[in-house]
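Only one chain comes next, encoded as structure tokens, the form predicted alone.
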Amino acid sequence: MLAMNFRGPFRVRIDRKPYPEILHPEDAIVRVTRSCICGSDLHLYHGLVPDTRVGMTFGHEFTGIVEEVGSDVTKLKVGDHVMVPFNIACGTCSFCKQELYGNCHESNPEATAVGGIFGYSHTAGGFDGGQAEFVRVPYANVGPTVIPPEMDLDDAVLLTDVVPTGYQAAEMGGIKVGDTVVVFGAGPVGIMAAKCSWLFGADRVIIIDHLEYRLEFAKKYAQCEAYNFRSLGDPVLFLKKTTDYFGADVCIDAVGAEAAGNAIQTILGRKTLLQGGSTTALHWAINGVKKGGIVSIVGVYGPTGALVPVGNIVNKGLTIRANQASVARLMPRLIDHVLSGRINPKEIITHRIPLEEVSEAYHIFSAKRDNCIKTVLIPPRAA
């Protein structure tokens, strides 16, 4: 089968790999119909995530048609068209019982933090992902959800990560009616977090980035204010001034390890890899939120330590909430939001590229060429 093949930082190609096999009675084999390139895939592509091994296939956002099921699979049948959450979750461990599907202990038992994730290095279990023609899907009774017949396939694929991650970013912010919400990062997740903030009753939503085309897109899609931090001078001072010097009620870090805007953080976190990523956006979130406010973190950072102003967190009495999105928990309400028209995920897709051109697709997305917001890969035998 055709599959994306990681050959080292900034080097991916299309290759032929063996077809996946049923390895456990609860496995399913899915023929991929849509897969995405995620901003967090770029952390792998850029060599920032430990134990990303040569030969791995990325891709944690995908839909597909069930081709084969293990003997214990009862939820799915051959021919079902499903959306597969990026979390690999057993459904029975103590964390899954708390609906913390991103922290499943069985799918990644050697880790102390994250559970299994499709196509996201051996720190997340070493599972091959969906940027391929076929994928082995473990725990098929737990994660995959049959796509409603009236749902557009492009909407469905974004329900596997982008929409639930953006929604949970807003949810973890504890947004109340009348709140001012600031989102750092106008990538797909940040844009979706801004969009979803209105669903929780926000009175004002601000998004901050440094790429003008993304800011213009965010303003139109999420109906929010958008500012280029390079034109603000000090983003924290700007936030203070625009909120009567209180600070925002909620700040969301949707950037993570590759944040720009601070030379020291860039050198330590992106160039020399001496810390788990550049925490510039997280600094701005902590310092720009009000006393007693909430900082929600969905941006991806590495497992090593990082320079974070913990004293400001303590002295301001902040609440920090962070996690990988629990997609299975959120899926029913997000399906309702999409089918009712409250969220239109497919509108953020700017590029549809054949899987065979995956190398060029990564280059376009990484280099921010052609006003790229979100890329969907189309396998050759997609429905």
Partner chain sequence: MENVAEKTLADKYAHIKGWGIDADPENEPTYPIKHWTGDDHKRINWKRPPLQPVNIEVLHSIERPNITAVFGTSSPPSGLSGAIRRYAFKYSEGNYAHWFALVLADRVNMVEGIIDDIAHGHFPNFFKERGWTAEWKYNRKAMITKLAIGAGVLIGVAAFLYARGGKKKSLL
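Residue numbers count along the first chain shown, from 1. A quick note: this is a predicted structure, and the numbers were derived from the prediction, not measured.
Just so you know, the form predicted in complex with the partner chain exists too; it's not on screen, but the next bit is about it.
- Although the partner is absent from the chain shown here, V12, M56 and H105 each have a heavy atom within 4.5 Å of the partner chain in the model of the complex.
- This chain lacks the partner; the member of F127, Y301, F134, F217 within 4.5 angstroms of the partner chain in the model of the complex by a non-hydrogen atom is F127.
- E171 is the sole member of E171, D80, D179, E225 with a non-hydrogen atom within 4.5 Å of the partner chain in the model of the complex.
- Among residues of the shown chain, E99 is one whose heavy atoms approach the partner chain to within 4.5 Å in the model of the complex.
- When the partner chain is considered in the model of the complex, T92 lines it closely, a heavy atom lying within 4.5 Å.
- Using a 4.5 angstroms limit between non-hydrogen atoms, D152 is distant from the partner chain in the model of the complex.
- In the model of the complex, none of the heavy atoms of G247 sits within 4.5 Å of a heavy atom of the partner chain.
- Comparing 310 to 318, 23 to 31, 60 to 68, 340 to 348 against the partner chain in the model of the complex, the single stretch with non-hydrogen atoms within 4.5 angstroms of it is 23 to 31.
- Contacts between stretch 354 to 375 and the partner chain, counted in the model of the complex as any heavy atom lying within 4.5 Å, involve S359, E360, H363, I364, R369, D370, listed in sequence order.
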